[in-house]
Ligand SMILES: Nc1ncnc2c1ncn2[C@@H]1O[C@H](COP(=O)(O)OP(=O)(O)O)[C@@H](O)[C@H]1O
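Shown here is one chain on its own, the form predicted on its own, set out as structure tokens.
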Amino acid sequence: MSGDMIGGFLKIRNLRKSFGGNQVINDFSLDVTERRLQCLVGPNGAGKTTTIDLISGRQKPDSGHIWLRGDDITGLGEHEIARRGVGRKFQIPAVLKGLSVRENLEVAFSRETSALRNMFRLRAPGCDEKLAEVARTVRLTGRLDTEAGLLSHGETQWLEIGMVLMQDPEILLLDEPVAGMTENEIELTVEILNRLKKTHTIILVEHDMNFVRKIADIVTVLHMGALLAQGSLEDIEKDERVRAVYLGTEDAH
């Protein structure tokens, strides 16, 4: 492969993915810059969530390649890609509601998928320090002993971000993290993400352009599974092609 293809932090080249004959990702290429927050936006069916499914290994591309720090991670399983530093948060939180916030973070740190086993094992070295750091980052220090099922919607989203952070990823993949939040929770999430992007690379699927305006370093617009435009939000808002695509549409997955 050429140096252009394998250099850099995260590179996507010529990805294609179809479901039942429907081309969802169509020759999509993208360069992701380290320690930047990149928002994927676009109309309904543009392929945004599928793109992060492909990066995280949840889905396998039909063709094309994904490189992370020059290593080809195309088609690897989710766990293998996670071990290489890619953390994924889904739109619907997957916290363990019967456990406390602290216990959820401990489970995530140990990478042990069985909650029962985690309750009867010694705490992994370094867990306490990491847990305290992550709890501060996601604004849950005062909620560590609260059962996760009693958290507000926004706090639940923050907990799941915290669970991903406990695995010390380089890249965070977030799918509509503020959906359903109150205005106050959205503002606090803006603060969390603007701190996190100083130390992490973040790729975020979003449709709330007011939220995007407060967090995005780079905006990538997808349309029919392909790259339509990319740049600062100011550049994107001036782009006539983008305005035409969005006219009369509402973004979703």
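The numbering used is simple: start at 1 and walk along the sequence shown. Predicted model only: the values in this text are computed from it and were never measured.
There is another form of this protein, the form predicted together with this ligand, and it is not shown here; the text below is about that form.
**Student:** Name the single residue among 63, 44, 33, 29 that comes within 4.5 Å of this ligand in the model of the complex, judging by heavy atoms.
**Tutor:** None of the other options qualify; the answer is 44.
**Student:** Heavy atom within 4.5 Å of this ligand in the model of the complex: which of 233, 24, 242, 10 fits that? Just give me the one.
**Tutor:** Partner contact (heavy atom, 4.5 Å) among the options: 24.
**Student:** Establish, in the model of the complex, whether 182, 189 and 211 all lie within 4.5 Å of this ligand, using non-hydrogen atoms for the distance.
**Tutor:** No: none of 182, 189 and 211 comes within 4.5 Å of this ligand in the model of the complex.
**Student:** Quick check for you: of 45-53, 65-73, 194-202, 212-220, which stretch puts a non-hydrogen atom within 4.5 Å of this ligand in the model of the complex?
**Tutor:** It is the stretch 45-53.
**Student:** Is residue 59 a contact residue for this ligand in the model of the complex, using a 4.5 Å heavy atom cut-off?
**Tutor:** It does: once this ligand is placed as it appears in the model of the complex, residue 59 has a heavy atom within 4.5 Å of it.
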